[in-house]
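In structure tokens, one chain follows: the form predicted on its own.
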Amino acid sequence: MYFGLSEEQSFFKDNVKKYLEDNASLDQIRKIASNDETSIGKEIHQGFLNLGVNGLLIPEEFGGLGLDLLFAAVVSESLGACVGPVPYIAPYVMAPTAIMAGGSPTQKENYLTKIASNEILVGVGFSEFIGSRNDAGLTFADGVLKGRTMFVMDAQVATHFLLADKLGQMFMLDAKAPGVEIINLTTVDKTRQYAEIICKDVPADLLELSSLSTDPISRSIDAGRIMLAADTLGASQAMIDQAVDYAKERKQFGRAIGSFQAVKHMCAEMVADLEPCYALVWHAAHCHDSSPDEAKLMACHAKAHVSEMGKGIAKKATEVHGGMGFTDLLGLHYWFKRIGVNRQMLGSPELVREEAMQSQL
């Protein structure tokens, strides 16, 4: 049996990639990464929304496209391939997944409709549930939220936040509500944004079903991990392609370095490492919607394995470029750093493997 992308999924993937290649050049990425030009990022994001990605997973009854996670994964793959500097995983995958799984009918109608129509953009912070840091913590009582949480995704552009405590309860709050403080966090990946959120008696809307079970938040985290794996998949393929092209052009001792056996082996090893990752990520996305018993295991497996493969590919692709691989002239470091941050977000390979083990007990 053939298992791969459908014609529609391939078409969607190619459209997103073409849009980013045409509108998010390396020079524009540099400007966004250095904060020299924020308007470029807004323009790219708006064009990205015109492709319909904000309503990708939202059911048609709430104004979305009602597609499955595999469609979302191919979009994430294209974003990784082009180091797309746009919010995606948090507002258009994790937030809708959490609301659909853990929200009341009223909350679904309210939030999903607004996400699909681009009235709101939701930043997501689940680090307290996955593993709190630096004495952070959130407490919820009498309708207000107190405390702080780290590494909230896409917080700087968000109109609302979806945050979680260590029990897995999820809360929606207005980013401009009194008592909300946003502190930018710096990572090596300048193409995406993270922040620390401090809440001082902030009114928050508890997702009603999330207090009964941790399944809704786990489902959202699993979706996010698959998206990160797909992003790393696309970024790794882009690094391989650039390494192969460079090896064909760069000459040493009167010969293209791609003709040297050591370089051939490095390129072949990268391709061999990455090729099985495609089926792994696609299968994990398929299981998320179609095989609940396998969903958690496959999401963890995809995140952990692709993170490890991406790390090795980023290293080898840079080595193929020699000293040029470390310069800003080529910009290879944008993909390198993206793969590195993806590896740690929503759980390192070690943590994710432990979760996979626990899910089978």
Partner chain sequence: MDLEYGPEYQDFTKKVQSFCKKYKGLSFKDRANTPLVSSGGSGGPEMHRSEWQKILIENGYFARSVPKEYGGYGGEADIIKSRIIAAEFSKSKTPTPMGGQGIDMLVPTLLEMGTEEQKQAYIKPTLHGEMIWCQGYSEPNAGSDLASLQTKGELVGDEWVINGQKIWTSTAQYSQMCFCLVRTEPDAPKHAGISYLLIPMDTPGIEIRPLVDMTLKPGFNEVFFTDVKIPEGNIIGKRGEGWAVANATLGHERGSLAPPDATMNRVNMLIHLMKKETLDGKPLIEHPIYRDRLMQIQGKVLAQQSHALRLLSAKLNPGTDVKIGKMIQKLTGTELRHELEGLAIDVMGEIGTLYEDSPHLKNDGTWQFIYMYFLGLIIGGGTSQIQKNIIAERGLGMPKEPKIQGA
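Numbering follows the first chain given and starts at 1. None of the values given here were measured: they were computed from a predicted structure.
One more form of this protein, predicted together with the partner chain, exists but is not displayed; see below.
For residue 140, no non-hydrogen atom is located within 4.5 Å of the partner chain in the predicted complex, even though that partner is not displayed.
Contact annotation for residue 354: at least one heavy atom lies within 4.5 Å of the partner chain in the predicted complex. The partner chain is not shown here, but in the predicted complex it comes within 4.5 Å of a heavy atom of residue 282.
For residue 261, a non-hydrogen atom is located within 4.5 Å of the partner chain in the predicted complex, even though that partner is not displayed.
When the partner chain is considered in the predicted complex, only one residue from 317, 70, 295, 57 comes within 4.5 Å through any heavy atom, namely 70. Between the partner chain and the residues 265, 200, 133, 166, the one pair within 4.5 Å by heavy atoms in the predicted complex involves 265. The stretch from 49-57, 296-304, 26-34, 332-340 that comes within 4.5 Å of the partner chain in the predicted complex, counting heavy atoms only, is 296-304. Taken together, the three residues 173, 175 and 204 all stay farther than 4.5 Å from the partner chain in the predicted complex, as judged by their closest heavy atom.
In the predicted complex, 350 is the single residue of 315-351 with at least one heavy atom within 4.5 Å of the partner chain.
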